[in-house]
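Only one chain is included here, represented as structure tokens and corresponding to the form predicted on its own.
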Amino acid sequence: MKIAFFSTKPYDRIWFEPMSKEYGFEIRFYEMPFQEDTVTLAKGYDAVCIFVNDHVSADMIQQLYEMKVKALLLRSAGFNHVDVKAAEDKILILRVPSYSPEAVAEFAMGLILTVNRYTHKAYNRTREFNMSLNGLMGVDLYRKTAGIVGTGKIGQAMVRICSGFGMRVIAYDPYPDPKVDAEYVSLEELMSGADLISLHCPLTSETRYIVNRQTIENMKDGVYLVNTSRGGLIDTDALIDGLVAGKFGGVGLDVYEEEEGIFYEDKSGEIMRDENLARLMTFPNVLITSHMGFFTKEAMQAIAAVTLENAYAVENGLPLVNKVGAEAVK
């Protein structure tokens, strides 16, 4: 099987090159993203492998189909960046549904701890021998209420972490799991009752802007909000207005709704033209990272292994356990 990889970074090669040799796959790595003007590079390949910021439209699906590309391999769990319905009966779509739930959940808690206790600011201060504590006061998480939105594998890992901190844990999921050690409540009750809200749900038409002006207004004053899932879960304009109004104790964002073309790239020598992202950076109680919650050795190894297992299944007519069908899109 010949596979074209797009949006690749040096760390992708570390895992995919040795594993692909074990399968006998021929791989071509492209650093450029997969988009309208690069789709023709897939000609002659059996599969195309993309990352979360590679958006695949219906027209691109049609072009892949005409080029006889068999499969679109996603190096991610989410699939909102692909027109899945357009791919039905044309090209197989396979994802990595779970790689290291703990990696993302641990990172989410790391964001909370950092933005709450201002350790990122303390680090910069003490390097200049400024040992003042002014402006660095946080709050205890112990006995506070954590609201977990989405109780898939990552959400469940977050429930365990928050429980370990001695927090009361409430959760919302349209499909409650009785094995989860949390009290399931309505979304409205979670948004209004939690001291900490952590988002761990996929981006769908139903969850887009699940955090909006109304839900923010209903939240507790001083609430902490963390998003390590998808940027489109939060209405950025509403979030900024809430920050200006002093609604939030702190906000940790590992994702951003307009992150495409910015996250994973070095933009340090350029003017930031995204005014909302630039504005968010000015708030002292906001911490933004570049969609790196998944980025551990264990997770990268698992992503490579499952992605290539998916390709092997396509090549050999095996059951496609990680196939994404049109029924998954709401």
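Each residue number is its position in the shown sequence, starting from 1. Bear in mind that the values here come from a model prediction, so they are computed numbers and not experimental data.
Below, we refer to the form predicted in complex with a small molecule, which is not included among the displayed structures.
Taken together, the three residues Thr145, Ser192 and Gly222 all stay farther than 4.5 Å from the small molecule in the predicted bound form, as judged by their closest heavy atom. Here the chain stands by itself, but in the predicted bound form one stretch of 131 to 139, 204 to 212, 118 to 126, 235 to 243, 204 to 212, has heavy atoms within 4.5 Å of the small molecule. Taking Leu74, Leu196, Val82, Val104 one by one, only a single residue has any non-hydrogen atom within 4.5 Å of the small molecule in the predicted bound form, and it is Val104.
Although the partner is absent here, Pro97 sits close enough that one of its heavy atoms falls within 4.5 Å of the small molecule in the predicted bound form. Although the partner is absent here, Pro33 is not a contact residue: none of its heavy atoms lies within 4.5 angstroms of the small molecule in the predicted bound form. Remark: Ile262 does not count among the residues lining the small molecule in the predicted bound form, judged by a heavy atom distance of 4.5 Å or less. Interface residue remark: Tyr45 is not counted as part of the site for the small molecule in the predicted bound form, having no heavy atom within 4.5 Å.
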